[in-house]
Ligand SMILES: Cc1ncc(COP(=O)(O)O)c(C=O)c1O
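In structure tokens, one chain follows: the form predicted on its own.
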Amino acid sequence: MSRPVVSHTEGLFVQAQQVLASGVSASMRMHPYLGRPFYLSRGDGPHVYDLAGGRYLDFNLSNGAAILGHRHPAVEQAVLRGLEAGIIAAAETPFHEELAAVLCEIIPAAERVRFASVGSEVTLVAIRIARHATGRTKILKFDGHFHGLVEPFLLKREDPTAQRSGVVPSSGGVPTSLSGDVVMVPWNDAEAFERAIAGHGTGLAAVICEPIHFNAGCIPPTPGFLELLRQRTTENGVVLIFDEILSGFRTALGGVQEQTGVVPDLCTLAKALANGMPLSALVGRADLMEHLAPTGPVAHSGTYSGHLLSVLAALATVAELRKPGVYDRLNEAAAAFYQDLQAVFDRHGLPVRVQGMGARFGLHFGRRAPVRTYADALGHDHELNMRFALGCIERGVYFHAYSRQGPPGHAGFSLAHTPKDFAETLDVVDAVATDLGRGG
């Protein structure tokens, strides 16, 4: 059944382009397959609603932030308590210490915590600490791994499919001179990493990675790869940073580091931490974290760092995630849903690879074999993905798309998604796949 057409949506976008840069508040809110933003009026549980009241099962969930679903009652009540307290900012409260203590208890790497507002901020501060602590300047990152829209991470290899390739800016306004401090290698390529460590190890301040590469459609680490990163960084006095902004709370309460037993020196968290409220955290070894001001000289502060409304929302969110059996249910639902999704595509003979871990997953169109590297993900068929996504939207299931080139990005579900919701989604996917198989 087709969704209702919102008569004034196109007009709204035209108006927005007169006052908002490119018509949006953030570049990734432009749905490339719709040619405009997917305008929402509200969210509730596993659903979002468009401007005409049309309801959609949501598999974007605020780019993965709403792990409990929209309008979770415990989170709403927590935010209301913060409103009643007067929306205090730029001040410490007992709730900040309470949340930090909880994170130190559940995140293996966490001996100290520093709160901020967004993910880009804490990844940048993590690099700043590593550089000061080691006295070195270079960092090593992996092809396609996303660590925020700040200069140290806005670089890429000219050709990520090549054995060796120069590092160049990936964004306008980023000077080429920064490339000398960034070493880049392919994810899951142990030999390339070993070569980089042999050539740059004594000059590296940090190795940073998404321990599950969700931003390229869920590329898990190959067996032993994270262990190799841990071993070589320890041997060379390099700070190992896990960017768990997307992977945190997805597969286990303590993130990938709990799941694998590989503990980094520093770790960044955000998104699911506060179920959609803006909050990020940098956690890690006490000796490294004490480099931060005011104890040490490494700068970090902010009026809205650890905003009270977000801290209260995070306390409520983590309390829900700590309930017995939550991750057993989440991972069981994930395994069944991803298997069933793959079966639908296979039954219709469509070249789609479903890859997921915990509550986030990727749909790699145009590929049947496992996606193990960023180069593998570059073959994503956006034309087929577009026909799929638009067909799902027409039938009340929302998949976001982040660009019309490169890997597919990530999708996911929340704890509010029920077996009935998954069954409804599979019926929609089956109907869309039928159309795609007929050339529709």
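Start at 1 with the first residue shown and count on from there. Computed from a prediction, not measured in an experiment: that's the story for all the values here.
There is another form of this protein, the form predicted in complex with the ligand, and it is not shown here; the text below is about that form.
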The ligand contact in the predicted bound form: Gly119, any heavy atom under 4.5 Å: yes
Non-hydrogen atom contact Asp143 with the ligand in the predicted bound form at 4.5 angstroms: no
Close approach of Ile245 to the ligand in the predicted bound form, 4.5 Å, heavy atom: yes
Interface membership of Asp189, the ligand in the predicted bound form, 4.5 Å heavy atom rule: no
Location of the ligand contact in the predicted bound form, chosen stretch of 119 to 127, 196 to 204, 349 to 357, 291 to 299 [non-hydrogen atom, 4.5 Å]: 119 to 127
Candidate from Gly148, Pro220, Gly82, Pro160 lying within 4.5 Å of the ligand in the predicted bound form - any heavy atom: Gly148
Neighbours of the ligand in the predicted bound form among 263 to 282 [non-hydrogen atom within 4.5 angstroms]: Lys271
